[in-house]
Each structure stands twice: as C-alpha cells, then as structure tokens.
Ligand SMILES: NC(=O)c1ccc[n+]([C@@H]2O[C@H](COP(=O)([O-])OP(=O)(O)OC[C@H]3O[C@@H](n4cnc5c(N)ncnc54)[C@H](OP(=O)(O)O)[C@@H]3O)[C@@H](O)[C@H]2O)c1
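What follows is one chain in structure tokens, specifically the form predicted alone.
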Amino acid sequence: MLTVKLNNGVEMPFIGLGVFRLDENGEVEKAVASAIKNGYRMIDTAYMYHNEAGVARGIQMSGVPRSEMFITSKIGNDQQGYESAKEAFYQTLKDLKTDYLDLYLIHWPLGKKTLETWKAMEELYEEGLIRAIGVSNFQIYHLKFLFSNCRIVPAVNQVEFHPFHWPAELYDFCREKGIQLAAWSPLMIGKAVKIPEIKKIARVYQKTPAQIILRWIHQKRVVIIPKSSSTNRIIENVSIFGFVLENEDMTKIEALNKNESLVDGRDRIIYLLEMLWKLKFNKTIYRLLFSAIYSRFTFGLKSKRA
C-alpha cells in the first residue's frame, strides 16, 4: 500500500476505508474485514459514527496484526474540552481495543473549546498514545486561529474534497504549511459517478467513474477514504494505482469545481467573534471570514454529514 510521510515522519496510507453510517453488529465488521483482506491498511472512523467497537471486531476478524494497521478516529463535538477530550480518547481506545491510535482528529472546529481539546491532544501525542494528531473540516481561518494557540502543527486536515468541491486556497495553504489533506466523501455520496465529463474520461481509460475520481484525488497528493460496504466496490476503489491520468484530464476534472458543499456550515458566531478579537486588524483573515459567511448564504443548507 502506497503511503505519504506526514510532517512528523509517520507514514500514512494514501487510501483507507471510511465507515460513516456503517452499522455495528454485522455491516461495519464485514466491510472492515473485507477491506483489509483486499489490501487496505487504514480504517477511518469517529466517535460520532457510533461504530468504533464494530471496527475493532472487523480488524480482529481480518487476522491482520494491529501493528500493520493505521487507525484513525475523531473526537465528537460534545466531547471537546480539555478534560472531556482525554476521557473521550481513552473511551475510544477501549472501544477500538487498542492501546494507541495512529491518527486522532478534531471532527469539527468549535472555537475556544477546540483550543482546549488541542492542548489535551498535544499531551496525549507527547505521551506516545497517538502517533499523529490533526483536524477535520478546518478552513484557513480555523487553522490560523489554532496556530496562534498551539505548539504542534496538525499533521492532517480531513475535508470535503470531490470534483464539485475542492478548495484550492485551502489545498495550497495546507501544502505550504506541511499539513496533509485527506478527502471525505470523495465520490459525493455516489453522485460523482454520474457526472457526464467523468463518465467520458472513464470510457477513455476503460475504468469506472469512481476509479477516475479517486485517481484524480490521489494524483493531487490527497489521501482518500471512500466509504463502502460492498466488497466489489471496496476492491474497485483500491484498484487505482495501475494507471495515470494525463494532465489534460486532470485539468478537465479540476474545472468541474463549483465550490458546492454537501454539508451546511458549522461555523459558530462566538467562534468568529473570538477570531476577530484575537486577530484584530488582519485584513486577510477578515477577507476569508466574510468570504466564508457569504458562501454559506449563497449555497444555503445542504444535506448534513456527521
């Protein structure tokens, strides 16, 4: 399995199995075991998915040693805070039946509570209980706010990334800061495979639309975590390393970007005020903040993703 080296030297697989909305007591266990059998070595879960224990059972079913796996989980919104973050982390270890995590993420930014959470995660990282720490759904202004209050730069930022929504400015910013982007919902909950331009490119390469999209994201050096409970789809999704998209086709897919998010905005007014107060007259931050607010009003509410 191909890997990327994070900013602390840890090797992270370029593709993993996402398990959002996969139920315990059968579905998630089978999906995880099937993925590992077919070459996956990274599983991406979260407290908010309510299936960490099922993921653990799936890994056990696979027979692959824990040391060969890369396990990612995320702290939930209602778990954030210094003490509560540590309690949540130890509960996640218990549910996943492991004594360490390879990657632990803050699921959504929550202002001051996120700073407290990050402090707890830094300490857990320094104790050797987490191999890498990172964030999820953080925009540039979230990251800059965190930078001004942290000792350790996040290793990963997991964000919505697909043909209709790939944040170019955030992409460039994270590359500049050494933060590895990871893509959730790369196939747009199945909608991306129906895009005519993608289907046309797929016919040229004799690949499926899903494989074209995942290969495009991979060639942009972004980690991908497609979700599936189907063994056939799991195999299809991982079979993207035997061909290369031409630059022309990469450009065609990039041109599909509409900045249309699948989720509603999670920014909090209090958080925005905190940033404005702390960062005072930084014109760049103001521009980004108002751009984000405008974007939320423009695109409206979309389907929610936990």
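Predicted model only: the values in this text are computed from it and were never measured. All residue numbers are counted from 1 along the displayed sequence.
Below: the form predicted together with the named molecule, not depicted.
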Next on the checklist: Even though the partner isn't displayed, in the model of the complex is I189 close enough to the named molecule, meaning a heavy atom within 4.5 Å?
Outcome noted: yes
Checklist entry - So in the model of the complex, does V193 come within 4.5 Å of the named molecule, heavy atom to heavy atom? => result yes
Next on the checklist: So in the model of the complex, is the named molecule close enough to P226 to count as touching (4.5 Å, heavy atoms)?
Outcome noted: yes
Checklist entry - Does T117 reach the named molecule in the model of the complex, with heavy atoms at most 4.5 Å apart? => result no
Item to check | Interface segment, criterion being heavy atoms within 4.5 Å of the named molecule in the model of the complex, picked from 79 to 87, 94 to 102, 196 to 204, 129 to 137 | outcome: 129 to 137
Checklist entry - Looking in the model of the complex, is the named molecule within 4.5 angstroms of a heavy atom from every one of K30, S34 and R66? => result no
Checklist entry - Pick from W166, W216, W108, Y141: which residue has any heavy atom within 4.5 angstroms of the named molecule in the model of the complex? => result W108
Next on the checklist: Under a 4.5 angstroms heavy atom criterion, identify the one residue in M121, A210, C174, V222 near the named molecule in the model of the complex.
Outcome noted: A210
Item to check | Neighbours of the named molecule in the model of the complex among 32 to 56 [non-hydrogen atom within 4.5 angstroms] | outcome: D44, Y49
